[in-house]
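Only one chain is included here, represented as structure tokens and corresponding to the form predicted alone.
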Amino acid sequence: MKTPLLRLSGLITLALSFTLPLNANAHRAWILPAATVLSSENAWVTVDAAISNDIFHTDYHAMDLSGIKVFNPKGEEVAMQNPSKGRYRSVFDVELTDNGTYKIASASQGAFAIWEENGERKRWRGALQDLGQAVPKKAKKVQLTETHRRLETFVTNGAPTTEVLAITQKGLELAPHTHPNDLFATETARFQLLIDGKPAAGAEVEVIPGGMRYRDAQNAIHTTADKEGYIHITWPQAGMYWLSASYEDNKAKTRHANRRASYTATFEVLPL
């Protein structure tokens, strides 16, 4: 039987997984490879995963590795190597046994509800499939929300490939018309944001370069997806970048619920 402390730890982890990626103004979740472009017959890359206040600075909470998956250039899941979870960050290695582009990703869905019962404000958070039964029939002022989140990064050994970039048509996703491992300073990348496979028109996007701990300003780039879901990002300089997109509508699968979705990715921009 789990101790009360372990049960509390599990509830905290669940709450973080549902809320943090959807609130970019608070703590930010990220998956950071040491490099994204390699060329070797025996290539390895080390990856950090964390939730922090400053981008790519481990100062808040390690990410749970159980939800992170690694996919090879054929789209097949492969095992991460040497996984370890510390206080502020988790770390693992990926062996790039094949040439081409790998995807490292975490995707999840959940739900929350707010209502009034006997004059008191109540809250519930849990699995999406339980949302319909979570609220008592006598509840008033009910607000139901489905949440979807996705975090990704990409690493290429040798020449870039595109098979692993195929979308799943679940939640908010990025279809990279510019390959995510073919980004260069001062050039413009063209991406398309999709919600359940359809254009995520109006999705709000924020891009922040790494190293914000050493700047007076975030130097954030803000843009909005057009009616076809397209965004264009001009990279001001080389370095690692954190991209976060958020989307909300009333087209949830649960009746009378809103839908909120987030997409977060780490990109490396190389000098020309």
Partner chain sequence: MKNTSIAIALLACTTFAHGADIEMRIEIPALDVAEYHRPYVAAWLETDEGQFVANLSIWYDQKLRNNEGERWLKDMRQWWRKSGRTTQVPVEGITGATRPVGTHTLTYSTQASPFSELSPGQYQLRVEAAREVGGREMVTVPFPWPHTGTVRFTQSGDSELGTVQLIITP
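Residue numbers count along the first chain shown, from 1. Note that the structure is a prediction, hence the values are computed from the model and not measured.
The protein also exists as the form predicted in complex with the partner chain; that form is not presented, and the subsequent description refers to it.
Taking the partner from the other structure, the partner chain in the predicted bound form has a heavy atom within 4.5 Å of a heavy atom of residue 158. At least one heavy atom of residue 182 is located within 4.5 Å of the partner chain in the predicted bound form.
Proximity of residue 40 to the partner chain in the predicted bound form: non-hydrogen atoms within 4.5 Å are present. Not displayed here, the partner chain is kept clear of residue 117 by more than 4.5 Å at the level of heavy atoms in the predicted bound form. Exactly one listed residue, out of 93, 196, 163, 187, brings a non-hydrogen atom to within 4.5 Å of the partner chain in the predicted bound form: 187. Heavy atoms within 4.5 Å of the partner chain in the predicted bound form are found in exactly one of 146 to 154, 102 to 110, 174 to 182, 81 to 89, that being 174 to 182.
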